[in-house]
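First structure 1, then structure 2: two forms of the same chain, each alone, as structure tokens.
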Structure 1
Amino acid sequence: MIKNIVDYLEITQQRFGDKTAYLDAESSVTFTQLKEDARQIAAGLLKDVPKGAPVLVCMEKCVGSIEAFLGVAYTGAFYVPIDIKMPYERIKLIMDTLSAKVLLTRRNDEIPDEIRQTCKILCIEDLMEASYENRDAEIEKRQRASIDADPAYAIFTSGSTGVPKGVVVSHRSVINFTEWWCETFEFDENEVFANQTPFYFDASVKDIYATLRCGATMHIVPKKLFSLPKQLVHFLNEKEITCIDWVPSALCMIVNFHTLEKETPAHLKKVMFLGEVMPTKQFNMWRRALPDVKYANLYGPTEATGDCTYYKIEREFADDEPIPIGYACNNTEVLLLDGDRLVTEEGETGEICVRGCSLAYGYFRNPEKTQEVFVENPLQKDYHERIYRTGDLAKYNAYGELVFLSRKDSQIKHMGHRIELGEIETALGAVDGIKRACCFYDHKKQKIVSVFEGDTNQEEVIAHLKNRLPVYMIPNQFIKVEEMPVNLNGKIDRVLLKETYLQ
């Protein structure tokens, strides 16, 4: 019975011990060495970390990060990935929320002095080199006391009040999700993943634990390559990558620079995208260049362990037609709710709500925010059942597939009409010459503002939109930028754009 994520490592190490599991630009580790390193880290943590406590992992994204995650899991504690380049004030907010006593890092990673004064700093290299009495017996004692309901990790997302929210996810949720992920997309020991997303972003959970569960191989792609599309595609070929699960911004960069016209990833079999809406025009460019690849659109929040819906793309889509987010993942149900009413009719808008064991426990030491979105299922009157209200709006299309519309706070009322900004963005994305676009609403001036990157002008954009949108949905202001800003997760940085252009 699998009850802890390290059980995957124990099983896989027996089958594929000598096989390389994870690689970064400087190092690699086999499953056998991974097990040894993780258990050494665990042994070094035992005296300082009680079961169920948070342990910060603050280091450059590397193989050592994964060793640290698993080392924490062996102790029965839970890990919290921290971006080492994150401003100190944000790290401090996270530390204050957690009251964490221990931080794992590497010798060469720079940790601010302020953190060193408030937290015990342990270097994983020191723990790996140390000698511990009764190491395995002490670890097994912790593991016997562990159950699948224990937290595996906490990932901090942004908070509307400026205070980050720590989403606490159990081993049960990770295992349930990993089993669905591997079975649905038929991963096995021959899969070679190219990890793009940061480890403090929930999407990375898929690459890490699918590799561990299947005995596959995962390459950590150097961050600099995501601004060098030609070298990025060369990397995919050099490493014989078979599967990528990336944010749309990374995929769009490759085709916007016409990279696939010069070199195609010869070994690639599966392409997934997640985190934000994939512009259909750029998706079609991928499909024309690699028609035999299997594509999937994934949707889901951190609060549901990553993805709660998926859509295997098998039919054709016009450039101005949104790609559905599809159907609920196995052992998960997605409800469209209008208030407390279930939405079932085609074309009717509802909020995406999720039920099932994929749900996180809530936000660490933040009961108010937890109670706002993790609520009683209004459709279940006979016993207590939680659902998570995502704040995202969707509808069913004629095929019975879910289609994402926008955030609830992206639904605006303009000139007496209720408008989904996501619909305008889809239409913008289909315009010739536009690489990326987004919209927001200037409530003070009552204007729809469009920001776009590309080789076109406002007149051409308006002419295109007039054929696809009613007049009241055409943006009132167009802003052309040299390059669309992206945040640390690789998504369009909408907050920065609003701060820049809303006066």
Structure 2
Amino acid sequence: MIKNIVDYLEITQQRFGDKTAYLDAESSVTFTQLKEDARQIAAGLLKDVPKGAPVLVCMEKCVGSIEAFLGVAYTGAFYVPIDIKMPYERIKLIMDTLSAKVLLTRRNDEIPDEIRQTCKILCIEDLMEASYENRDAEIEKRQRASIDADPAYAIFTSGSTGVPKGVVVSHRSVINFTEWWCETFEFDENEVFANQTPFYFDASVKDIYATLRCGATMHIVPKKLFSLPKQLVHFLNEKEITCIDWVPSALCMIVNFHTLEKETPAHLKKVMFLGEVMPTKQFNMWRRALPDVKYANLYGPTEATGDCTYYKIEREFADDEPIPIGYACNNTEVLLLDGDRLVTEEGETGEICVRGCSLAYGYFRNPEKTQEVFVENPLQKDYHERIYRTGDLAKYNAYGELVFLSRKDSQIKHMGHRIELGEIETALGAVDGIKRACCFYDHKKQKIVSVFEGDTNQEEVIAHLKNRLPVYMIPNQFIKVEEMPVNLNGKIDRVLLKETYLQ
């Protein structure tokens, strides 16, 4: 019985040991080598990392990252992927939240001195070269003690108060999702994935563990290719990619610049999109160019592990018709709630709430935020049951399919990233000279707009934000005002600001 993600590796290694599992631009690894490397990393961690402890993994996206994730899983600890390009101040916030004792990296990756002083830094190459007494016996001890309810990873998402929130996900949730994902989309050892999403984004969990579960192959696509459509399609052909599961902006770039008219990805059989709304016009361009490919729209927050709804696109859609997010995944139920009332009528708006074993445990050391969104199921009066309130609004269409409408709060999706505007506002508020600031999202132009009042300028504000926020959270436009408009309650009049800007 599978109770830990490394059980997938153990089983697959026996069936497909010599087969290539993961590849990046510089290296590749077979399932047998992957098992050996992950066990070496685990052995090197055992004395510093107790069962159930967090281990940071901070390195350029590579095959070694996956070896590190699995090495951590062998110890019964859980991994926390960190973007190595993230500003130090944000990494520090995450480290303070976790009180992590160990950070895994590679020799050539640069870790700031400030981080080196706060926890033990271990290089995976050193761990893989070392020799350990009773390595496998010690690992088996940890594995015998592990259960499927143990956390597998924590992924940090934007937090509205300025502090990122660590979503803690169990092995059981990952395994439940992976089983459904592989069965529903008929993955087997012949599948070749092209991974796009960063490893600190939970969508990457899908490619990584489907590969491990099925004995498939996963290529890590060099990031710069996602700005070069011709080279990207050429990569898909060269590597004989059969399945992609990408954010819509990457797919839009390919068709917007007529790439498929010059070269088509001949091996591609499955195209899925996630993370933000796929424009139907661009989807139709894909379908016209590659009519035999199977397409699916996937939806799900990090708190519900991978996806919680899916929609296999089989009927035609007009360019201005939204593509549904469809139906709930296995062992997941989606409740559309208006307050505590279940919405069932076509066209009526409700909040997407999720129940089932895909739910995360909540946010690491953040009971307040956890209690805000992981709440009692209002429809279950007889016993305690948790549901997750996503904050996403949806409706049922005439076919009984779920259709995403919008957010009910100030969370946005920008460049495929989930962002709380409050986190940007908190960072703006910390800039010397800024008295008041607020942000809003221009959905039409897909821009984050910030408005600030104070004695500073755009250059100084950007310089400050670069030290605190990832690049994708830095506003695209800065507007300095003499005085921030306020409403009768003395709060910033966001509606007026946005209306003024849009005019």
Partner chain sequence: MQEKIMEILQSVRPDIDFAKEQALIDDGLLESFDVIQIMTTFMDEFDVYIDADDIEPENLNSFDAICAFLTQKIGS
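Keep in mind the model is a prediction, meaning the values are calculated, not measured. Residue numbering: sequential along structure 1, first residue numbered 1. Between two forms, the rigid core is the largest collection of C-alphas that superpose within 1.5 Å.
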Selected structure - criterion: the form predicted together with the partner chain:
2
Which angle, in degrees, describes the smaller rigid part turning against the larger between structures 1 and 2?
142
How much does the C-alpha of residue 497 move between structures 1 and 2, in Å, given a rigid core overlay?
13.5
Using the rigid core as the frame, report the C-alpha movement of residue 440 between structures 1 and 2, one decimal, in Å.
6.0
